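Just one chain is shown here, as structure tokens, and it is the form predicted alone.
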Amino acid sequence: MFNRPSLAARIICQFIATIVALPFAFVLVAIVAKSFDGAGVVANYEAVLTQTPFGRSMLNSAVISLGVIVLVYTCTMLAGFAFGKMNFTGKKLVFNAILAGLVLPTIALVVPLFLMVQRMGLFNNYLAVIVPLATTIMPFTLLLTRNYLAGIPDEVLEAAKLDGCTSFGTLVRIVLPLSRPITAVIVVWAFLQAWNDFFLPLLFFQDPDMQTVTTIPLYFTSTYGSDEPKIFAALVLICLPVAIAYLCLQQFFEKGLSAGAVK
């Protein structure tokens, strides 16, 4: 589809990418350096681990992230296959209606979500956060997945049908094994959004034992000031799982994001 760029073009692109990345790298270095100030690196990180319910909060965030990933991946692959490879009445209208969710900020849905959770009695229940989060993530992952699956040759799917595969069997046996790059994109993106979410757990979890890891920095703030080194130490620990997940899936993530964005 695209010609291989020349050496000069690649050098220019690499230079521009480096310039763009420098501010983000500077912020990361500043956060880590700040976590070493005050009482010292050992005391700051020890305070985060011992003076807060860090382990319990990590577990809550892990449960929510896993639930969001499973729900987003299942719904996205099923819907992406339907919109990318099947024909049905109103397909374009329904797809565009789902994409409208991309322009809806979560804060605009707070009142109806709160009323729904209240009427269903789901306060202090993981589902109160998992389902709304997955709903707000899916329009973006569906857009990428639909574009990625549309690029799979129809001949491959027709050959599967000739061998007796149903539509669901074709999805499970043919499409999913060919979708590792976009799977990495869905997993990393859903995990990133679920792990970093602060507002919904704070709104729907009234029990302190249900709070997530993003609330840990609040333990070092007060009306009259805040312990900044310990706050930054908490931020470093909170970011570690996301960084590890991205580094593990980096190769597939970049490939899937590029393939899903081009159509």
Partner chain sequence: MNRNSAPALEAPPPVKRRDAVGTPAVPTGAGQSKYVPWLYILPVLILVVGIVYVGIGYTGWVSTLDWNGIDPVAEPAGLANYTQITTDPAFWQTITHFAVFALLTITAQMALGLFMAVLLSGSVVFARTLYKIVLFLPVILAPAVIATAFRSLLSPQGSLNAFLTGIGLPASDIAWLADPHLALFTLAAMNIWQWTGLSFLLYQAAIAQLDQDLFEAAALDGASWWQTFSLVLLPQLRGTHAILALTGCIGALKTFDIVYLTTGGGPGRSTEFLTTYIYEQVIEQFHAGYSAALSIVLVILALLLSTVQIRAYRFGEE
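Between two forms, the rigid core is the largest collection of C-alphas that superpose within 1.5 Å. Numbering follows the first chain given and starts at 1. Predicted model, so just to flag it, every value in this text is computed and none were measured.
This protein has a second form, the form predicted together with the partner chain, left out of what is shown; the following refers to that one.
This chain is displayed without the partner chain, yet in the predicted bound form the stretch 190-198 from 56-64, 190-198, 204-212, 40-48 comes within 4.5 Å of it by heavy atoms.
For the chain shown alone, F83 is a contact residue for the partner chain in the predicted bound form, at least one non-hydrogen atom being within 4.5 angstroms. A residue is said to contact a partner when one of its heavy atoms sits within 4.5 Å of a partner heavy atom; C248 fails this definition for the partner chain in the predicted bound form, lying far away. In the predicted bound form, the partner chain lies within 4.5 Å of some heavy atom of M138. Within this chain, N124 is remote from the site of the partner chain in the predicted bound form, having no heavy atom within 4.5 Å.
Residues of 168-187 that come within 4.5 Å of the partner chain in the predicted bound form, judged by any heavy atom, are F168, L171 in sequence order. After superposition on the rigid core, the Cα of V242 moves by less than 2 Å between the shown form and the other one.
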